[in-house]
Ligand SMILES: NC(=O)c1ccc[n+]([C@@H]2O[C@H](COP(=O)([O-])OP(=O)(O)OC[C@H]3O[C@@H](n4cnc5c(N)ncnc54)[C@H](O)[C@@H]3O)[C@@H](O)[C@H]2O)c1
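Encoded as structure tokens, the following chain is the form predicted on its own, with no partner shown.
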Amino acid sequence: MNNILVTGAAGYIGSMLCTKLVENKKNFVTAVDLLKYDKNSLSHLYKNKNFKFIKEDIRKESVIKKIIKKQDIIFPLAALVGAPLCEKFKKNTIETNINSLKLMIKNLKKEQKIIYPTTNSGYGVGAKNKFCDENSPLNPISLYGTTKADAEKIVLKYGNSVCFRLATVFGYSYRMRTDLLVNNFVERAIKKNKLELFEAHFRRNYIHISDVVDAFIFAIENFKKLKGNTYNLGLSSANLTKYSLAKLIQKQHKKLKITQIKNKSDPDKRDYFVSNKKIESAGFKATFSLENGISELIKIFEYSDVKFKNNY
């Protein structure tokens, strides 16, 4: 039996990861979350005997000590994510993204494993004709990017760990987010039939949430082979500009009008292409296409009447 702890379990990635982990009866999943954004994203799991939910704040050392005791594998997903949210709550960001992780590691035994998702937004602005790989310098341009880059160093120093620098994630989740770029573009396309793009040449890499979850499962199953390393995690065929992304959406939603705004700058200055060769060489490759993800999201936004609540 694998005892697995997921903090931030009710979040965009956490709710999907817990669902996949619970499907395997050899896992016992302990999920921890404050339920600040969505109180229903784990409701479908409460019936499972191999699932336990704890509503708690992982910034408290007393809580951390109690919940980590018997865990074999830990996914520390609890974090304030995205540049706007982190700018709005700077103190909470540092407490959650950095200090709670330090507290956790301080109280872990060396045999306990950590699988930690950070972000490839740490690359900031990449070279124009070069892909960022794991040896590229990190130049985070937001508090969010900085805390995640610092957290990655803390986790790697612990040693018994694997880190993933996630591309921009897209796709449906039990705790849906519509601030993420693909999700946001599709929602705006469906609701307004238009997209206004600032600095449409900015580049990004993307990955479907199901591939993220599958990579985490791959890390559990291949931990010894992967440990002590950081891996970029994205879909290699999905390195593209914002304009190219908008055109892909337009192919499936013909009514969409795309306008490029020339005299306005995007507050999010990230601009890079990313190489995922390292994780692919280790045996995992993301496969869920952007086209399929766009099709999925179009249906979600056309047919669902759920009010999606973002982080900010």
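None of these values were measured; they are calculated from a predicted model. All residue numbers are counted from 1 along the displayed sequence.
Another form, the form predicted together with the named molecule, is not on view; read the next lines as being about it.
The partner is not drawn, yet in the model of the complex one stretch among 195-203, 131-139, 235-243, 167-175 has residues with heavy atoms inside 4.5 Å of the named molecule: 167-175. With a 4.5 Å cutoff on heavy atoms, residue 180 counts as touching the named molecule in the model of the complex. For residue 10, a non-hydrogen atom is located within 4.5 Å of the named molecule in the model of the complex, even though that partner is not displayed.
The named molecule is not drawn, but in the model of the complex it has no heavy atom within 4.5 Å of residue 271. Proximity of residue 28 to the named molecule in the model of the complex falls outside the 4.5 Å heavy atom cutoff. The contact residue chosen from 277, 36, 66, 257 relative to the named molecule in the model of the complex is 36, the criterion being a non-hydrogen atom within 4.5 angstroms. Between the options 81, 226, 74, 101, the residue in contact with the named molecule in the model of the complex by a heavy atom within 4.5 angstroms is 81. Contact annotation for 86-100: a single residue, 96, has a non-hydrogen atom within 4.5 angstroms of the named molecule in the model of the complex.
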